[in-house]
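A lone chain, given as structure tokens: the form predicted on its own.
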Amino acid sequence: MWRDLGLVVLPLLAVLAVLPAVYDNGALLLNFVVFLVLAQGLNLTYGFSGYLPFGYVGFFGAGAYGFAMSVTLAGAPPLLGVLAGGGASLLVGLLLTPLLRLQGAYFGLASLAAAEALLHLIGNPNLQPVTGGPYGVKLQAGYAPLLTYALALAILALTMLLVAWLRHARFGLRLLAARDDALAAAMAGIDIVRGRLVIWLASALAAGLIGAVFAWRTATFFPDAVFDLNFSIFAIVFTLFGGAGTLAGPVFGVLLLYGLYNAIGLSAPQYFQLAYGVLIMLLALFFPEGLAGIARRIADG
């Protein structure tokens, strides 16, 4: 674990911490951190339990609206609102725990349907006095770009610390055993249900907290913006491209693919989509373990 911290977590956080002083684009930097958290959060549930939630954005959106409603309706201070956003995502995670009885594509599609249902619930015009309905939310929580960025970095640090710990702790090894062979793990006495529930809720909490910070920084948003399926798609692609179940893999995936998206995806989307597709195809065909798998092979000689 200490090796992971020294080689991955601390250098990444150090670079991200000093970037605002030399690169004047706070929104882009925050987006990078948001996707790093989402990729690591999805890495928790997929990398350690094998569940791939296509509707992972539901937790992100729940966190954003948990923050917004706590600040606008209850008058909570923004920092407490961030915790409320995390609590909202935990509540959604608890309500969706029956989905863990499903497997494979059935689980993925069910999670996607749940996220869509939550989007339509939040955007219901009848709930406009509470959620803003389809007209969105305009917050008066105080513009604090440096504070929100620092909070995002803290959430990223905690999420990555959890991933690093799971890679070496008995609990994490038991999760991996259950992921690879649930029957054998159950016969060995591993509590599969409890383990999957804990990691599911931890994954939901990470997305909810960063969703709350995103809402604070953005201030004005619509349901479609924070429940945008692209958040799920990007997080899944970044995680798989980098290497699920590893600490550095999702980081590689975000830095390379989201960096590529910002470099050419906005100005020349046709070339970005071509490069994006070719990279993913080559990796899926020849290196299914992702970029982390390539790095491991090189290190092993």
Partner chain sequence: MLAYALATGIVFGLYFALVGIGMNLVFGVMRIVNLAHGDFIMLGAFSAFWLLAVLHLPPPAAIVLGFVAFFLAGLPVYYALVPRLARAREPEMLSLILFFGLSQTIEALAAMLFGNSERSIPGRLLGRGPVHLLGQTMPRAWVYAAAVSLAMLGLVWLYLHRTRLGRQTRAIMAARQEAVAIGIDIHRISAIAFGIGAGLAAVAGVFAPFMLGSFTPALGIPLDLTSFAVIVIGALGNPLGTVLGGVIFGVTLMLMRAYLSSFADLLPDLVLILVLLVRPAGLLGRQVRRA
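Residue numbers count along the first chain shown, from 1. The structure presented is a predicted model; accordingly, all values stated were derived computationally and were not measured.
We do not show the form predicted in complex with the partner chain, though everything after this point is about it.
Interface membership of residue 54, defined by any non-hydrogen atom within 4.5 Å of the partner chain in the model of the complex, is confirmed. A residue is said to contact a partner when one of its heavy atoms sits within 4.5 Å of a partner heavy atom; residue 124 meets this definition for the partner chain in the model of the complex. Contact between residue 101 and the partner chain in the model of the complex is found at the 4.5 Å heavy atom cutoff. Interface membership of residue 92, defined by any non-hydrogen atom within 4.5 Å of the partner chain in the model of the complex, is ruled out. In terms of contact with the partner chain in the model of the complex, the residue from 112, 164, 198, 141 that brings a heavy atom within 4.5 Å is 112. Considering the partner chain in the model of the complex, the lone stretch of 131 to 139, 225 to 233, 152 to 160, 77 to 85 in range is 225 to 233 [heavy atom distance within 4.5 Å]. Remark: none of the three candidate residues (3, 23 and 220) comes within 4.5 Å of the partner chain in the model of the complex, counting heavy atoms only. Applying a 4.5 Å heavy atom cutoff to the partner chain in the model of the complex picks out no residue from 148 to 164.
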